[in-house]
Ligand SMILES: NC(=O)c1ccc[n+]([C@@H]2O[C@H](COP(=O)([O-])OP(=O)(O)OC[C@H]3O[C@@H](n4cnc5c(N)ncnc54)[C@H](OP(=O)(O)O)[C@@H]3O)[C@@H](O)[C@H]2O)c1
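Below, in structure tokens: the form predicted on its own, a single chain.
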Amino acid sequence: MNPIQSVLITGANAGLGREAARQLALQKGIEIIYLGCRNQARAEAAKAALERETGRKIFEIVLMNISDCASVRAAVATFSAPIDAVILNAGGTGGQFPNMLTDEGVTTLFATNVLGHVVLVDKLLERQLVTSTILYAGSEAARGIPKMGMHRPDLAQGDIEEFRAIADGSKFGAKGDPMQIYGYAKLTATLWMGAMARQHPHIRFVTMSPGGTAGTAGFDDLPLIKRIIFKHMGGVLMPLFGMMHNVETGAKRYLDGLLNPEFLSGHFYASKTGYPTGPVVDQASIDAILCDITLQDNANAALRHFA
């Protein structure tokens, strides 16, 4: 596999995406980094700051709202040359209306974390615009983090209809808790990545959790009380208990998954049982459903209904 020289990062103007861009720019051989951002002004500010911090002018802005599939398709249409790798970083808990349905019939939360990235990858592959690696920002929430109040996602049947119900929110109802639904979304995406790895063996599909990360933009769209707890209070207290690390450490996980071939295609890497920080391990050793081929194929088939 050829060395990675060009990388597209979604959600690149803040938090983990921005930090991953900064760290990548300091790597030997990286020649261009595409900053996938939904806001032009914030993208320009991030680009200027990254150029100052790294001393390199290798950043290009790609306007892309990952929760809007039409925006994603339009962004891919602007590319004329292949990209070596993509970091599917954009995500969050869905804003003020996480359970509201998009034009595609999925919840805003699911669109932001899963469906937009599915469309992005499909369109890149369709036009042969990615040559090496797809890295998805997984989460320990996909197998539960009880110490943070995030239960293990409970699949009743694990069939196509259940994954469709996760996507459109009908599994949870109109008042479903976004923090719990987030785990189901991340689980669905992780299974999708496993299916894609088998379907496209010439591309590495690695799911890597950045871990519990203080200061990440992912908490910005939580309701006020939860935002205060997780982003502000949590940023001070949770690192003391090993439940969060800094954004530099989280982004470093991305780079490891992207650049180190020891992280295998189709696998999900995250922290050990019960924690969202520390050394990463293959999550199949914790929860066998993460490498269940039938579940992977069902999740992928369900996504095709919306993509």
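Throughout, we count residues from 1 along the sequence that is shown. Everything numeric in this text was worked out from a predicted model, so none of it was measured.
The following text describes the form predicted in complex with this ligand, which does not appear among the structures shown.
Put simply, T213 is close to this ligand in the model of the complex: some heavy atom of it is within 4.5 Å. The shortest heavy atom separation between A299 and this ligand in the model of the complex exceeds 4.5 Å. Put simply, N13 is close to this ligand in the model of the complex: some heavy atom of it is within 4.5 Å. Among heavy atoms of N113, some come within 4.5 Å of this ligand in the model of the complex. Contact with this ligand in the model of the complex, judged as any non-hydrogen atom within 4.5 angstroms, is confined among 82 to 90, 196 to 204, 151 to 159, 169 to 177 to 82 to 90.
The contact residue chosen from T54, N65, N246, S265 relative to this ligand in the model of the complex is N65, the criterion being a non-hydrogen atom within 4.5 angstroms. Heavy atoms closer than or equal to 4.5 Å to this ligand in the model of the complex belong, across 36 to 51, to the residues R38, R42, ordered by sequence position.
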